[in-house]
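Single chain ahead, by itself, as structure tokens, in the form predicted alone.
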């Protein structure tokens, strides 16, 4: 089967369907066959309604009393009663109006969903539905039914038809990895399993295949990096120690260790490729600044690229105060005045440290001797943007990437196999822990009173919402609605809003006003998750907090507590008085690395850490905390390299590896 063939070759996929699939990232047969089931239904395990217990359930029943209700905010409910000979139970579908006309009176259907106690009675929410006679007729050959993730208007049943249409082709799929046989069987067992054990084994094969691509890319990156040569940077260690000793504060042990690791790396002719990761407020910028000082001592220039103009400006101001006349520092952003003159100074080597945004990588920005490139919040930049900065040097510069997202130690080797990692796991002295409280949506009176008190003491407040506006059927709070409510709640204070769809200039202007204390309450989406330092902000309110992962909640909480005043974080549950485990964990812990480990176990790595890889991590199957599969994949990589396979002879594998590679060479 030619996996590169377009999906239009599949029976049943016409131009309109193909357009929807394209929007979901499904362009080829490979994309389609790797759109794997999210779950399976075994209707032979159907229970009597009278025997049901809360949790995932399967019943065979008739549908009675079906009705449709239109609620506020465009929410549509379809309610019905399911009945068999043993009893009856309520069921409900949210925003699936087609269900109201789906069922024939008197016919049996298999329903698979989650049963829970809600609104005073037990009910099954959003169950799938399959006509019993259709299933029973082929039960001997299809005992287990796959359930595919929907994409737009294309439902699970549609994907079943598409996959069935290429069933014979799947059985002929060639292996991707030399000496790792069984790919066709694995795909077949995942899509058409005879047992759940077979489906699990198939997924494990495909997950190992996926991890192989990631780990091989990391190995190739390491090998390529070892071949490169750059200028060795030797600073004046006595001068560095003297400068550190005169600082008005003490470095943490973690900052000292990370600085020393970077200094040692820069002394080598092999380019440094190091990730500096630290919890919010752990002092990454200072470590980066000391690295720039060492580079300048050696006669090399350094550049720090930040994702926003506000953050770049803040870095430039704070480092100018830190170094005084020791370093010649310049700020280069889109709004910088006299850019041609400044760029001339940079090209002539009259600037030691350039701090900027994407303006650093424009074609007319040239350096005389760029030796150290630093990327702040590195996951906010694409591969090509990072490559453009590195290309500003005459030889590959030393590279230091920084991230405030704590990456669990269990992930570092797998994701960052081609990187050295320095960890700042201590907070500087004087940082107060942030008091974190879970708030019921029906019990916010005490929270508003506490916020009033903070505002009276001239402090500032963040208020985070999941949505921008009230479009759609979600009950989640939105920026535009909450800003009205909060303005009414606090009429004597300046309230403003911020969200990702605003123009960059508007966002920068709002953040500048907030940083300067001219805005008292900032109602925002998560665009404030990383970035500027506002020591006067002492309150973080996160509405619908149970809708976020722990790591993101921790990042948001880290926007406050950056000054000497006591700070508070209020986590408002979306619709329940019973806090989730995630909220309980963040209420009791301030340790970002611990919370990241918990988050990993609760939610998996894909959504959390996908953007931290050099390209898009995009692991659709593998769970990179599965050490057994990672070990199996690593052994396959070693075998692949030891036996001298030519990557270019395996196009599909080359394509899979290339998306993870930092460098363009494949061999």
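Nothing here was measured: the structure is a model prediction, and the numbers come from that model. Residue numbers count along the first chain shown, from 1.
The form predicted together with a small molecule exists for this protein as well; it is not shown, and the discussion that follows is about that form.
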(message) Contact with the small molecule in the predicted bound form for residue 405, defined as at least one heavy atom pair within 4.5 Å: yes or no?
(response) no
(message) So, residue 327 and the small molecule: in the predicted bound form, are they within 4.5 Å at any heavy atom pair?
(response) no
(request) Spell out, yes or no, whether the shortest heavy atom distance between residue 151 and the small molecule in the predicted bound form is within 4.5 Å. (result) no
(request) Would you please decide whether residue 249 lies within 4.5 angstroms of the small molecule in the predicted bound form, comparing each non-hydrogen atom pair? (result) yes
(request) Using a 4.5 Å heavy atom cut-off, indicate which stretch of 91-99, 520-528, 425-433, 487-495 touches the small molecule in the predicted bound form. (result) 425-433
(request) Consider the chain as shown here, without its partner, and state which of 113, 283, 307, 146 has a heavy atom within 4.5 Å of the small molecule in the predicted bound form. (result) 283
(request) Would you mind picking the one in 130, 333, 255, 590 that has a heavy atom within 4.5 Å of the small molecule in the predicted bound form? (result) 255
